[in-house]
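Listed next as structure tokens is one chain, alone, in the form predicted alone.
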């Protein structure tokens, strides 16, 4: 009996040590799924649908449903409800990653039963459908309208197309060479607001050596040729990198000023470095001159083109009708896509604060706010892979006018954010399941236009 008792003690000690070792390995990895499976699944179920504890994927919360409430319950526990406190076992970063994972699982459950519309769609007060306008041989990235109403569009692999009124494409020759790797290529196209000038602006991943960096040029189209190219913005060659991500590359004009974005290029800490172009929104005159009233124009330690910083990968820029306020769409990591009002000289926090975590499920930070750093007007957890944005200004959908249309890539969605001043009042899903929405543009005919894969569509309301 004594021998058996000793063996039981040894086995119990061994089991405890094994669990502690495994738990230590899980915590060291920092992976949200592994942490959930190790610490939470036995009570809340492997798919978060509940067990001994309540479900965590249905947005029904007994002790409050904000992120702060969830963090508090995980840290402090609910002794009367049998929920242990995890603050001595899990770091703030670990807990933040678990909250993001819970938001993801809730969203996944909510869309699992949502049908994917393929024909007419009814949403936000209208029934409408997609009408094909033009199609290119490969993936398009952006579009605009020429003064005569024809569509001009960039193909990511490097081609520039003009489509006639019947949708027939004509390639424009002589455009700049691009670094077509990863997320790089020929990106944004934008016509200068003064149609008489004839200027067309392009952003692209400019190749140099073994790497690339976002560059802005302008030129004109004569016949089917790109002519008279001028460089509006290019970075010092020492800032070029072979990373294939986060070129940013949206543009918007405001009077004589050109705003454009450059992502962090996969080097997240550089978004806080004012001596680097990465993770910034820049502002120039339309001819490339640096405005004297840029916020860092007189700072010897900063690039004079910078308008705002602390951005991850801004893939949407738009001016708000009436106010002229600049808004951006920020492509976040896993969770934490943002919509921001872009203020002069402001710091938007990446990567010091974020509502997301790394793609592999490990935390970036536990902080979602800090003094001196801007909060988003709206954000998504999980990410929708936000792309282009545009305030709708047409007359085909009157109740949408002056509100923000938002495209997404991975979730293949078009959303409508109703905005009053600087407040986002609602977020409505308009469309999903038709493909990755790369661009959203107001047409001169009053219709919203979308770039989905290699096709240009317009949204047409049903009579």
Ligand code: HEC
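This is a predicted model, so every value here is computed, not measured. Positions refer to the first chain, counted from 1.
Beyond what is shown, the protein has a form predicted together with this ligand; the following relates to that form.
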item: Contact test, all of 297, 318 and 344, partner this ligand in the predicted bound form, heavy atom 4.5 Å; value: no
item: Stretch in contact, per heavy atom within 4.5 angstroms of this ligand in the predicted bound form, of 431 to 439, 411 to 419, 390 to 398, 44 to 52; value: 44 to 52
item: Sole residue of 82, 324, 223, 372 within 4.5 Å of this ligand in the predicted bound form, by heavy atom; value: 82
item: Candidate from 286, 73, 252, 306 lying within 4.5 Å of this ligand in the predicted bound form - any heavy atom; value: 73
item: Non-hydrogen atom contact residue 78 with this ligand in the predicted bound form at 4.5 angstroms; value: yes
item: Contact flag, residue 423 vs this ligand in the predicted bound form, heavy atom cut 4.5 Å; value: no
item: Non-hydrogen atom contact residue 352 with this ligand in the predicted bound form at 4.5 angstroms; value: no
item: Touches this ligand in the predicted bound form: residue 86 (any heavy atom, 4.5 Å); value: yes
item: Residues from 32 to 63 in contact with this ligand (non-hydrogen atom within 4.5 Å) in the predicted bound form; value: 39, 40, 42, 43, 44, 52, 53, 54, 56, 60, 61, 62, 63
